[in-house]
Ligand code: SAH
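In structure tokens, one chain follows: the form predicted alone.
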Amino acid sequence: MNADTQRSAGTVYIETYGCQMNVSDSELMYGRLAECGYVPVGGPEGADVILVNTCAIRDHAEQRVIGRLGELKRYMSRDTVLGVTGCMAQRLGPALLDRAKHVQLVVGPDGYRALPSLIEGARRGERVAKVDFDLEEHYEDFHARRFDGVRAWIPVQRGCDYKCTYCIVPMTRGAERSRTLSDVERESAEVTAQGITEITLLGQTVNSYHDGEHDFADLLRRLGRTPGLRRLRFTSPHPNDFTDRVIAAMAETPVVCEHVHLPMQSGSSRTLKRMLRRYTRESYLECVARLRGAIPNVALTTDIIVGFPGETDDEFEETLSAVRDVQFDDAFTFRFSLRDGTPAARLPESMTVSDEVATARLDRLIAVVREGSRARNLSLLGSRHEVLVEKAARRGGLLQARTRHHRTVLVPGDASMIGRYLTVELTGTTGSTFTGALVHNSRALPLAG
């Protein structure tokens, strides 16, 4: 037993922003600190250590964190340690210590192993920024303290080699590297042994996974044999890495869910070239066709950016037509956010799309996405699906559940049903979510309320 584990170190609260990878990283940090004597708590009030785990994808996310750091001052005593971790920490580095004088620690995504010693240093008055990359770090010996007892996030890959012109990720998470398949198998088995039956594999371009011997198709097939696993998901893939082997593994592995989040970003080949996405409109649509050919009922969701530098009215119309052609089940839509240090920041100012034009395009895109999504959802009413109950819904007396196709369904029930699989009949839709009735003895029970 080392010195860190011989004492009670105090309480720790981690506030998480951003993607599922950040959620997973917070679980790793909680696990690491719990092993060293820290007790996780649910809020900043009275916590001895407060960590803000951050996102740097868009400027708005960083500004929100800066504001939150100011708010957290009121929870700090003289001995409280406040740290910033994650992608924003990596991007700003020591400059964040200068910008927020009450912050003692700035730790990038590859520095979490050192957190216990860095916190001890902060208690002695040290202020440190640890933002060096470690391309060998996968935290394979960490034991995550998971927030969710129903689903588990398992990173299989870190970093990214694609270097899209708008994206800050290569700067904040470094080069792409994959965990060994055997270690992912081990963690998956540990998760299912705890009673968790759904796993989501994480990576910046997760389907480019390769540990030197095994590719993503091998990973899906091997994890598909994990005892107790009922659902296997992954995010986020890159269209270029859906090889025939990967698509066949998806179609032939029963636990792999019939849902793919397939980032498109733009429906214009000219815009995609400026984004350095490395595919065309035509090749993206061909990938969609191959997925639907192998998995006919696959649900597709996507990410789309409007207002990228140089985007013309005609290029934007190409995006709208691609959305109509693909018929996505849903889409995350964004206005372009310029990030210092990305190649897009070097594009001529004359290519900038005005805020007014970008906002108008976003509004039109959202309307087209919602129109298509609502039409498809209405066509599903009356159909029956297996759902996994995830948590209590915001509406009183209802539970939030999810189908294999990643559709959200609100059903009646109580907390004892969380983690259970049920059959429901879809009875209503708001356009983005469904209401459902439990199917019991081949008879649908009406939704309460």
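Heads up: residue numbers just count along the shown sequence, starting at 1. Keep in mind that what you see is a predicted model, and the values were worked out from it rather than measured.
Form predicted together with the ligand: not shown, discussed below.
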**OP:** Considering only heavy atoms, tell me if residue 158 and the ligand come within 4.5 Å of each other in the predicted bound form.
**Re:** no
Original post:
Closest heavy atom of residue 58 to the ligand in the predicted bound form, within 4.5 Å or not?
Top reply: yes
Subject >> Exercise: residue 305 in contact with the ligand in the predicted bound form, heavy atom 4.5 Å >> reply: yes
Subject >> Partner contact for residue 253 in the predicted bound form: the ligand, 4.5 angstroms, heavy atom >> reply: no
Original post:
Though the ligand is not shown, can you say which of 240, 352, 80, 236 has a heavy atom within 4.5 Å of it in the predicted bound form?
Top reply: 236
Original post:
Exactly one of 217, 167, 97, 196 has a non-hydrogen atom within 4.5 Å of the ligand in the predicted bound form; which residue is it?
Top reply: 167
Original post:
Looking at 121 to 129, 218 to 226, 368 to 376, 297 to 305, which one sits within 4.5 Å of the ligand in the predicted bound form if you count heavy atoms only?
Top reply: 297 to 305
**OP:** Would you mind checking 326 to 349 for residues with a heavy atom within 4.5 Å of the ligand in the predicted bound form?
**Re:** 334, 335, 336, 337, 339
